[in-house]
Structures are given as C-alpha cells and as structure tokens.
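Subsequent text provides structure tokens for two forms of one protein chain, presented individually as structure 1 and structure 2.
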Structure 1
C-alpha cells in the first residue's frame, strides 16, 4: 500500500520537510547575502591570507615566498614606529573620549532629557571624517586659522598643531575625540537610563554622597555598557585613516604614520601588496586579541544587577 505512487509523494515531502524544515525558501531568501558573504568576504579573507605569504607587485603574478614578509616586518623600523604612533593615538583618543563621554552622559542624565541637546551632541559623528578633519585643519591652521590667530592676538607663540611632530598625533586624536564624543555619550547615556531608580533611592536613604554613589553604584552597574563601548571604540580607533590621509599624510617625519596609513602606502604607492597583506593580517590579529582580552577583563556579558 505504502509503495503506490499516490502515497509516496506526500510522504516523501513530509519526510524531507521534517528533516530540513523550510530549507528551500530559506536558501532563496539567503541567496544574495550568501553570494555577498562568499565573494566579498570569505574569498577575499582567504586570498588576503595567501597574499601575505607572497611577493606581489600587482603587475606580475604573486610569487610564493613563505614567511619572508613576516620576517621582514620584525626588522622594519617604520613598522615599529607606526605601531608606536598608533598606540599613542589610541591611548589619547580612548582615554580622553571615554572620560569626557562618561562625564557628559552623567550630566545629561541628571539635568535634561532634551532630544535637541542629544541630537546636537551626536551631530559630529554623522558628519564624514574627511569633513571634520578639514574643518579642524582650517581652524588650527598655522598662519590663518582661528585658533592660532587668537593665540597670537593674546601675545602667545603660534602652535603647529598639524605641522609639529610633537603636536600632530595629539591634534588628530583630539579631533576624533570631538567627532566621537557624542556617539560614546549616547551609548553610556542609554546605559544610565537602564539603571533602576530604586538602587539610587536606597543609596539616598542611606545618605550616600554624590561621588560615593557614582563610584559604588553608577560605575559598577555601567560596566557591561562600558565594556561594549570600549571594545567598539578601541577597535575603531586602531583603524584611524581618513583624518590622517587628508591632513598630515603620515608626516611630519612619520609622526602620524598610523598602521592603516602605512598599509595603504605600501599597497598603493609602493605596490608591495604581499607585505601590505602581511601587515593587514597582523592588524587583524591584534584587534581580535584586544577585543577578546577586553571582553574577558571587563566580564562584558555579566551585569552586577543579576547577582
């Protein structure tokens, strides 16, 4: 009975559907994204890894050279210099930005729920890096910029914000603090809003002072949000490129030659694609380990509220 053509057909369909569910429609819906994932993500990732073991100048075919590029990297002073200035940038950018955003978020949370103020504060984040960089490049210009004109008007010495190797990376870090302050503030602000009010009421009843409340309640309860903010901003900060590319172009004397800018130059002005790929691999490994370590140290997934 069960083997007659009439009954096998639906039985098979039921069996297939029980086993794979809605696999056929799912594949149809996923197809474009899957193509994108394989062609523009997975394949380039594999190819990038392969290229890091080759010598490739874009004109002739890549030539396999084993670990030569990685060996070269160890004794490349420009690479180490660029790691150092990148770390300098990340340190200034993240420390100043996180502390300022924390302060601003607490202020906003205490004093106002104004959507207008939050919108204004967020605005720089939505404007292109390139525009932000150029506006500050103009504001801080040595000869005609507003800031130096004002400094000179009060009788002080002009400062080469972008032209002096002592100042250049600090300036770029501060420009990007200006751009990202509002974004970071909004994330922390949302974290503050999520802290239940009864915790504060209890502290108030106990007579805890302002700073005690901040240190013992706000900060610990904010930890998961701060962990998320730090992972996102540190990983983003490491990839600083746009601001440098339109202002200092790595100079003066490599003072702002951050790692991504160095990779860009190796690939597109020196056409050393193999070595540039090796540096990209290193950069990715650094970012992945930083993210992992931060998640561990800050125990990102656990809130102190749940204990």
Structure 2
C-alpha cells in the first residue's frame, strides 16, 4: 500500500485548508442568488407542478383530481388554437430576427467598429417592452397613426395592423423583432469578433468571394453562437405576453391569443389555477425539449475552430 511522503503532508494540508477557507466566502456570495432561485423559481415550479394535478380557484383548498387537467387540454380547442398562434409568432420572429441580426452584425463587423453605432443599434432593447408596444400601437393606429396616414397619403387603403386578424400577429412579431434586433445583433457580432482574422486572410489569398467566405467560413464558425441565439430567441418567443397584453389582449377573434396569454386568462380571469398550471407544465416541457433538440442538432458545444 502506497503511503504519502511525510514531506508532502504539510503542503497537502495547507492546500486543503486554503480550499476550505475560500469556500465560506464563495458561499456567502452565492447565497443571495441561491435564495432568489429557490424562492422565485424552484418553489413556484414545484408548487405549479402540484397544482396541475388539482382543482384550485383561490377560494378553497386545492382538490386533487389526478390527470384530469391534462386530459382536458387534449380536447380543448382554445389550447390548440393558442399553440398554433404561438408557433406562427415564433416562426415569424425567429426567421426575420435571425436573418436581419446576422446581416446587420456582418455589416457592423466589416465596415465599422464605432461604439456610438453599436449603442444606437442596442437602444431599442433598452426601452421597456410595454413602452415599445404602446408606441407602435399608437403609430399603427387605423385612424390617427402616422403609418396609416402615410399609407393613405400615397393613395393606398389603410391597414388595421392590430385590429385585423390577418395582420395582428404579424404586426406584434415585427414590433418585437424591432426591439430585440439590437441585442441579437450584438451577440452575433461578439461571435464574429472571436473568429481569427488570419482565416479570412487565407480565404482572400485563395481568391474566395464574399459569398463563398460567408458560406464556408463565417457561418460554420458562428454555429455555437447561432445555436445560443436560436435557443434564447425561441424560448423567449414562446413567452410572448406583454406586447399582446397592452395592445390586442388576445384579439381579434383569438388571432393573438398566445399560449402565455391564455394561461394568464385562465389563472387570473377565470381563477382556474389547476388547469392553468397544467398548461404551464406542458409549456415548460415543450421549451425544454426544443432547447435540447436545438443544442443537439446544431452541435452547440463544438466549434469548427477546434478541428
């Protein structure tokens, strides 16, 4: 049996003592975040999971009903309609925002490094989403909005951006694209700065054109960043609420009744907290599954720079 030399025992004891001596300050710094996580995330999640198996309306104690709430959502047409509306919003938001942010980030990376321009790009994201929604709601008003006034001035018919069932969700998606575009752009811009410049120099020596460089170098090396951006934007898009709450309130004719707004109405308008909790659990499972699939398919943990 091997034994530790006597000369190494004091040094080992010093290292162990030093490590445990650093543990207490580390725990003190982590404690506020840990308390916040337990109080505002872990406990509500466990409580919501429990309520999803009950019939609860705030006026009486929760009554255990097993899987009735989950069976109910299978035959709930409003639930399926809200999921379809949410997927429509997610598709528009992700496609437009990702393509626009990627193009804008490439332009910033190639033509300017100005901090002022970066600040201007980021400015919409610094404005509260409710304020952004209200401003665009007034701008797009059918009768008094500047956008419809301009449309009418050129001889075209006014558009009910928030009042027409065909335009409402598209409009909400574009409003949120405008607000979050700067944040997504800066994430991609940071990924572009991490790509070694000598890779582009080698491509330039080989005579590769702009499109070839973008397709063969920029996009592959940006894959981990794009995977992160897609996961964040998809999860955030499924949680759309505030823009709908201050503009359309789920209308017209449920055209913008996203799943989060439907859950809100069930819980705080109808006081059906059991069924609302069941929908919340389903939404959580959907988001977790989508995020896992995205991370696996896009191989977010690997970069072509490692080859």
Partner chain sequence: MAATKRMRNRSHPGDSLFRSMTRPVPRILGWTSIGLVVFATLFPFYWMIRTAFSNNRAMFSEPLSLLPVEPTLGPIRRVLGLATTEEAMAEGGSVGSIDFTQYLINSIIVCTLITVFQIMFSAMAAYAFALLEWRGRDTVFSIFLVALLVPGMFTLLPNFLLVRDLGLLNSYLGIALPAMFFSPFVVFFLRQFFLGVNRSFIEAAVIDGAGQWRIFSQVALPIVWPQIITISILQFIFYWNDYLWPLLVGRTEESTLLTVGLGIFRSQTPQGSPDWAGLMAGALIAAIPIFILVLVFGRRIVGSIQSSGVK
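Residue numbers count along the first chain shown, from 1. Just so it is clear, the structure is predicted and the values come from calculations on it, not from any experiment. Heads up, when I say rigid core I mean the largest set of C-alphas that superpose within 1.5 Å between the two forms.
> Just checking, which of these two is the form predicted together with the partner chain?
Replying inline: Looking at both copies of the chain, structure 1 is the one that matches the description.
> By how many angstrom is the CA atom of residue 39 displaced between structure 1 and structure 2 after fitting on the core?
Replying inline: The shift comes out to 3.5 Å.
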